[in-house]
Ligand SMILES: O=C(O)CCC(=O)C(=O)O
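As C-alpha cells, one chain now follows by itself in the form predicted on its own.
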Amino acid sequence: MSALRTQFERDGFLVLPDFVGPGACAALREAADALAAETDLDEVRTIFDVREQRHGEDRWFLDSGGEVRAFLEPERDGDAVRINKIGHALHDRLPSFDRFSRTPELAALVRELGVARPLLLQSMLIFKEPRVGGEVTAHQDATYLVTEPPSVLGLWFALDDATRENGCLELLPGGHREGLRRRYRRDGDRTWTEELDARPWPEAGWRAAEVRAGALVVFHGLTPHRSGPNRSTRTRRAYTLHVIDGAARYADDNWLRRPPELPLRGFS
C-alpha cells in the first residue's frame, strides 16, 4: 500500500498542494465567473439551505442531477441576491469542466486510493462570496450519496486561496471510522433526513485546510467536514467533484437522479 493511501485510510482525507497548475486553475475561475454572469438571478428561486434543507422541496433542485443549475445564498448583499453554488453535472455538460475533471493525474490518484471502477457522479461550483458566503455545518457526503458498500470520494479544488477568514474547509481526522450519522432519502418528489446516530460531532480536533489556489483536498464520503461563513472581503470559490465506484450499488432512494440520456462516465 502506498504512503498516500495509508495516510488517507488513517485520516480520511488528504491535502495536496499545487495539484492543479496556475493556468488550469485560472481557466476554471474564468469559466465559473462566466457562468455566474450568464445566470439570470431573477429566474432562480431556490435557496440552498444547509440547515433546514428546504431546497429538497423544489423540482429545480431535484431535477438538477443531470443539469447545470444555480442556487442562491440565504443572505443578501444589501438588496442583491448572490449565488451559493452551481451544479450538478458541469463535468458532463460543459467542455471546460470536462477537461478539468478528467485528467490522467486525477484518474491515477483515484485508482491509488482504491476506487476500482470510478464514475463521476456530481460536480459543483461553490462561490462563498464575500460577506454573504454562508456557514456549512458539519456533515458527511455519504449522507446524500449512498452506495453499497460505501464508495463516494469527494474531490475539492481550491480556485482561490482558502483561509479561516474566508471559510476554508475544516475536517475531522479519523471521523470516517465513526459510521454514518444521517441518511438523506428521496421517494418521488419527497425528501427527508433519517437520523441514524444522534451523537454530536466533537468540538475539538478539527483540522483547518488553509490552502492556496490549485490545492486539492480529497476526503472519504464518511469524513465529517464543515466550513465557516465568509465575512471577509475576499471570495472563496471552489470546485467539487464526487466520484463513486461502479462496482458498488447506487442506492435507489438517493436524491440525485441522472436522466437516461446522460449515463455516468469515468475519467475517459
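Sequential numbering from 1, following the sequence displayed. Because the structure is a prediction, the values reported are computed rather than measured.
The same protein also exists as the form predicted together with the named molecule; that form is not shown, yet it is the one meant from here on.
By the 4.5 Å heavy atom rule, the three marked residues V110, H176 and I244 all fail to count as contacting the named molecule in the predicted complex.
This chain lacks the partner; the member of D160, D141, E129, E73 within 4.5 angstroms of the named molecule in the predicted complex by a non-hydrogen atom is D141. None of L106, I86, V136, L119 but one reaches within 4.5 angstroms of the named molecule in the predicted complex through a heavy atom, and that residue is V136. In the predicted complex, H225 approaches the named molecule with a heavy atom inside 4.5 Å. Contact between H220 and the named molecule in the predicted complex is not found at the 4.5 Å heavy atom cutoff. Although the partner is absent here, T240 lies within 4.5 Å of the named molecule in the predicted complex, judged by heavy atoms. In the predicted complex, the named molecule stays beyond 4.5 Å of every heavy atom belonging to L153. Residues placing heavy atoms within 4.5 Å of the named molecule in the predicted complex fall in a single listed stretch, namely 225-233, out of 24-32, 225-233, 65-73, 202-210.
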